[in-house]
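Only one chain is included here, represented as structure tokens and corresponding to the form predicted alone.
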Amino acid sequence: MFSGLREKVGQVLVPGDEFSLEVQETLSLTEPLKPEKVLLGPGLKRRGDRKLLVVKSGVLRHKQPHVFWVENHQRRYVPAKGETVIGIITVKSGDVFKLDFGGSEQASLSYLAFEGATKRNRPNVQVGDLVFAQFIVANQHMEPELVCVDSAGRANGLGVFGAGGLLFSVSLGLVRRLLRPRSDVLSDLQKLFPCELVVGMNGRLWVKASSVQQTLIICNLLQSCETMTTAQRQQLFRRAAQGAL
């Protein structure tokens, strides 16, 4: 059913390319026919019941069983429900904070959306603070809304952070590479300089190493990795380990 799409995995696609999701011609008489569902990620859009349309240029990626997306070099972030982002508090207005996450509009964050927060016990959040939060509302018809707790009401790594570190921006493609289960970029980086790293799906990274010099080196290394091949990145990391940078 997805043979035509799987054949293009690893190849460059452009906006306007279409794929047909036709049902297989050979049907089994002994096994019941189970409908296969495809999960579409960034860069792909469903058109009707049997068509897939490419809306972004990039390399087609695939994950078992039927997950497809287009990996490209993009910096503009479009919020999606469930994604975690790094934002900056810009306004304190009554019971709601306004947060800049790099999108087309700011998101709202209630003071009750923190672990242990009540009407009497308000969180200590100031304008300019960095917040790691998750989208619970993200669509084109409503204002984006963030929370700093999970479904169980626990922070689980979310909340205010950022003391002593450095915030910078990278492409969304590099963010996805860093968030892979076995990221080669992240493993090589941890061997070189142990550090604290917060990765937001909106293309913002926060890093803190043992010294300011190491923090700046890590920032330059990650920004350089965006346009490098694996061999070039490994050579760059070897030079950094030898102190050539």
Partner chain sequence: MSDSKLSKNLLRMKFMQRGLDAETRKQLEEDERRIISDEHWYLDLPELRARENLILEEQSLVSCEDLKYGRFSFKGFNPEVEKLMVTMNPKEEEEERQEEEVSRMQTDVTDEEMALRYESLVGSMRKKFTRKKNQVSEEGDTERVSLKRDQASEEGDTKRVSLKRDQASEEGDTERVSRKRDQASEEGDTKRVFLKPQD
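Positions refer to the first chain, counted from 1. Because the structure is predicted, anything quoted here is derived from the model rather than measured.
There is another form of the same protein, the form predicted in complex with the partner chain; it is not shown, and what comes next is about it.
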**Q.** Interface membership of Leu216, the partner chain in the model of the complex, 4.5 Å heavy atom rule
**A.** no
Q) Could you tell me if Lys81 has a non-hydrogen atom within 4.5 Å of the partner chain in the model of the complex? A) yes
Q: Please run the contact check for Phe161 against the partner chain in the model of the complex: heavy atoms, 4.5 angstroms, yes or no?
A: yes
Q. Would Phe114 show up as a contact with the partner chain in the model of the complex if we use heavy atoms at 4.5 Å?
A. no
Q: Check each residue of 189-205 against the partner chain in the model of the complex and list those with a heavy atom within 4.5 Å, in sequence order.
A: Leu189, Gln190, Lys191, Leu192, Phe193, Pro194, Cys195, Glu196, Leu197, Val198, Val199, Met201
